[in-house]
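Below sits a lone chain in structure tokens, taken as the form predicted alone.
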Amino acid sequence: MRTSLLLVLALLLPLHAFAATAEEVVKKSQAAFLYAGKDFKARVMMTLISKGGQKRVREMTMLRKNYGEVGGSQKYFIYFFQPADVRDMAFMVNKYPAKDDDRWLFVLAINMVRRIAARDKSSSFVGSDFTYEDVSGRDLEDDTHAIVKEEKLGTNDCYVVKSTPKAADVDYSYKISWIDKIHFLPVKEEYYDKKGELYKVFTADEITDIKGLPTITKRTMKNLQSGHTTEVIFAKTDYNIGIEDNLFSERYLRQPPKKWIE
């Protein structure tokens, strides 16, 4: 009798009573987008496109290793191949939960490792429309999240989530994300400036299954105010390759092992 009563009550409850919370959706999205696999490697082609259509290409290898669960510590290592002005430059991030990341940049031209201040997280990443924070992500607790609706975007059924930063140290007032209900990758993001006007749009243009892990292998960030666009393609993408801990050191910023960057 009790089971039957519970079943009746469940049928009478509105569907949204069983819907995922915004925090659950964003955490699953972080797991799929930023924490997939134990570690990760890709050859990255980044194309910077000016308002007039002129193109500059940056080529790099990106490596990432997770330490702990989703939302836990991570380490990133990025080595640049081209163009000439950034060749042999290397960028490293130690990402921590609930505190500022540590970031370092090795610049061959001056043979110096430079610490990047935490306040620079909203700065452009090597002249692109992505920020340093876009590379390593934000902590779940840094924003207030709310599901504003659910809708289809292209062929994807999505949660539409509004994320509002709790602090004023970022360059946008809020972000709207379309997060696919199946693989939980963000298929589109809209960034609104301090006046509430749309100024940047991220799109996931190509999603590829790699070792059973759906991966955004082509993505675009458009700055609607400047007219500048950055397109990024991931090639030679792989997961769970056994990246060694000692890679993430100042020594290897200056001279990284070829087996990891090639």
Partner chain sequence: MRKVSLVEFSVNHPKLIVSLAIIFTLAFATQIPKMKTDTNPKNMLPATSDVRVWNDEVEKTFSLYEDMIVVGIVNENGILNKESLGKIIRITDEILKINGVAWRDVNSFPTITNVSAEAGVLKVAPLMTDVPQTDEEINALRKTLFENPLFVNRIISRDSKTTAIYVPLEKGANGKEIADRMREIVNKEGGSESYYIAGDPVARDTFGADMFKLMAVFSPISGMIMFLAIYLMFRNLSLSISMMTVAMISITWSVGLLIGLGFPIHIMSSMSPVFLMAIATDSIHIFNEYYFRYREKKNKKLAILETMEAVSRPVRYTALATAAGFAVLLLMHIIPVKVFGGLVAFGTIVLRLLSFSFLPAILTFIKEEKIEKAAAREDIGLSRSARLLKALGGFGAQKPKATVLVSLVLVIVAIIGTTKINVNNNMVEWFKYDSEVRTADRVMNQALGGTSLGYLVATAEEADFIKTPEAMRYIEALQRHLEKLSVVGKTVSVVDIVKRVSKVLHDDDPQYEVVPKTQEEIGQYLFMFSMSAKPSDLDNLVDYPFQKANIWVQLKTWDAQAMREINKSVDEFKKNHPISMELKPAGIAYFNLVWNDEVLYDMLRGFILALIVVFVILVFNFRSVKWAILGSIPLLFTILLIYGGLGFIGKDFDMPISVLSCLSLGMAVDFAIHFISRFKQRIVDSLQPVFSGQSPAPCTPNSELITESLLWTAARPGKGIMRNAVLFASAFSVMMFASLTPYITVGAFIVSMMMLSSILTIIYVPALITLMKDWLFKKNAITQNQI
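Values in this document were obtained by computation on a predicted structure and should not be read as measured data. Numbering follows the first chain given and starts at 1.
Note that the form predicted in complex with the partner chain isn't included here; everything after this is about it.
Although the partner is absent here, Thr220 sits far enough away that none of its heavy atoms falls within 4.5 Å of the partner chain in the model of the complex. Shown alone here, Tyr199 lies within 4.5 Å of the partner chain in the model of the complex, counting heavy atoms only.
In the model of the complex, the partner chain sits within 4.5 Å of a heavy atom of Lys55. Although the partner is absent here, Val70 lies well away from the partner chain in the model of the complex, with no heavy atom inside 4.5 Å. The listed set Thr164, Asn94, Asn156, Ser124 contains one residue whose heavy atoms approach the partner chain in the model of the complex to within 4.5 Å, identified as Ser124.
For the residues Val148, Ala98, Ile110, Ile182, the 4.5 Å heavy atom test against the partner chain in the model of the complex is passed only by Ile110. Stretch-level contact analysis of 140-148, 156-164, 126-134, 182-190 against the partner chain in the model of the complex, using heavy atoms and a 4.5 Å limit, identifies 126-134. Annotation for 217-241: interface residues with the partner chain in the model of the complex are Asn223, Gln225, Ser226, His228 [heavy atom within 4.5 Å].
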